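In the block that follows, a single chain appears as structure tokens, in the form predicted alone.
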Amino acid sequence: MPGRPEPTTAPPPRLVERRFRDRIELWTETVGSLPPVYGERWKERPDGAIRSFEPGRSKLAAAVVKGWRGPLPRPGERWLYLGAASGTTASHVADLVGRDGRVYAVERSLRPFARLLSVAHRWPNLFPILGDAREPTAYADLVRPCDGVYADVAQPDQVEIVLANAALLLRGPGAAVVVALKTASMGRDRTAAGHLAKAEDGLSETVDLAASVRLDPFHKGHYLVGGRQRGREGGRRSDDPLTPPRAPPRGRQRS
């Protein structure tokens, strides 16, 4: 397996960590507006509101609490979110990239997508796409080249799904690939550790991996896996970063 990159020690600027003797609290500087998305706490500050990023509700938050040192969304970046569901974690990713960033949130099921649309009305940088993550070419024209992909798709071939999206929609070398891996969805032919090793092997062909993090007790049988792409060009690139990204039609599914 390729050498692992140096760990990232500083949290993104829009992620607030509060450390106590018995716990770590995470908060994101929000670009959205009330009401809360999933019952999270909000606090007003002179420079804007922050909202609690709950590890019991978000696998990404759980990973940070458990010591994840791989890539995280940062201000001004564009991220592709696969399996956005009703927007719990997607709204926090939108907070992390800030008003100058974009989050393209792909969800295929109509019921959670309806809730995701409601969240997007209050987060101006969150763009829902009704689509199947297995078919990235169906929504590729709605997505500007991205700095990272975060996936929570819980499918047997979840790694292959992520890599197909990454090849088509990420900028290229240095782009982030982050997967909330659900080992129970990968079959019964291996243990959880065996499925993790298989996923790491698949990703390591194109990604320099950070140390994976087990998400128990917050999310049983889950790991956060990923790192940064290396030595290959993404499917599309943008040579004009000053041009604002085109907002995709909300709720539109392309055929």
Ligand SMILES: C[S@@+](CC[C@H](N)C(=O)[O-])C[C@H]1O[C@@H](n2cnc3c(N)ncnc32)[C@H](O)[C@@H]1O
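Counting begins at 1, following the sequence as shown. What you are looking at is a predicted structure, and each value in this text was computed from that prediction instead of being measured.
One more form of this protein, predicted together with the named molecule, exists but is not displayed; see below.
With the partner removed from view, the residue among 72, 163, 153, 142 that has a non-hydrogen atom within 4.5 Å of the named molecule in the model of the complex turns out to be 153. Residues placing heavy atoms within 4.5 Å of the named molecule in the model of the complex fall in a single listed stretch, namely 105 to 113, out of 166 to 174, 118 to 126, 72 to 80, 105 to 113. Interface residue remark: residue 99 is not counted as part of the site for the named molecule in the model of the complex, having no heavy atom within 4.5 Å. For the chain shown alone, residue 131 is a contact residue for the named molecule in the model of the complex, at least one non-hydrogen atom being within 4.5 angstroms. In the model of the complex, the named molecule lies within 4.5 Å of some heavy atom of residue 59. Taking the partner from elsewhere, residue 181 is found to have every heavy atom lying beyond 4.5 Å of the named molecule in the model of the complex.
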